[in-house]
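The chain that follows stands alone, in the form predicted alone, written as structure tokens.
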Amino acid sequence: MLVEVRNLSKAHASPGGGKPVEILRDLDFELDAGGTAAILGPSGSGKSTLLNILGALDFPDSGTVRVNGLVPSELRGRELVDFRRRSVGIIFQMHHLLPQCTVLENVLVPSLADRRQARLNADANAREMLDVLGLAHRLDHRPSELSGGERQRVAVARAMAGAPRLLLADEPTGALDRVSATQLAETLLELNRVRNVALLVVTHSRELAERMQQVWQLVDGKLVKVS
């Protein structure tokens, strides 16, 4: 089991300073290595909160999260940094590319703190991944010179740069036109097949969700299996 979530609960502070707002309640979830899953739910239902917890960008109030044999909330310092870079890759709806950097530089940003040899390896890996994603001719371009679909593929390359076991995608097609959205979905599924990376997608798109092996609906802080 690559991802195992047990009795996960998370609340956010109330804007008025009152009782915290419960987002996730005693939630259970599992995902096998190399598996695919989609989580559906309206805005504000906690989908992004769950993804952030799995990616160690946030931590649960209670319950246990285990990813790739590690409990992110127990990691500190360099161990936590390494987990975020090597166990999990995250793709957001907005690509968050640095506008002043080239395509290649954007993909290499996570490796800047590495030692020299590791940076050399990262450069080779980044070029290979960009080639796989059809962007080998765009290495020296900046985000403003790319289409929306191309920018999102650069974000995918950056997320995959550390060869993660788990790829998290938060509304990855939400800002794309239909053609670009379909192409990105194909890209993610191809990476799942070829690289054996588990794929967990949070989405409003039932079309995208139905291409995953598991489909879940987040309802009242709990996951309900759809298929």
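The structure presented is a predicted model; accordingly, all values stated were derived computationally and were not measured. When you see a residue number, it is the position in the sequence shown, counting from 1.
Although it is not shown, the form predicted together with a small molecule is what the next lines describe.
Interface residue among 45, 192, 183, 68, judged by heavy atoms within 4.5 Å of the small molecule in the model of the complex: 45.
The partner is absent here, but in the model of the complex a heavy atom of 93, alone among 125, 93, 102, 73, sits within 4.5 Å of the small molecule. Each of 12, 49 and 204 comes within 4.5 Å of the small molecule in the model of the complex, counting any heavy atom. Among heavy atoms of residue 215, none comes within 4.5 Å of the small molecule in the model of the complex. With the small molecule left out of view, the stretch that reaches within 4.5 Å of it through heavy atoms in the model of the complex is, among 184-192, 59-67, 155-163, 36-44, 36-44.
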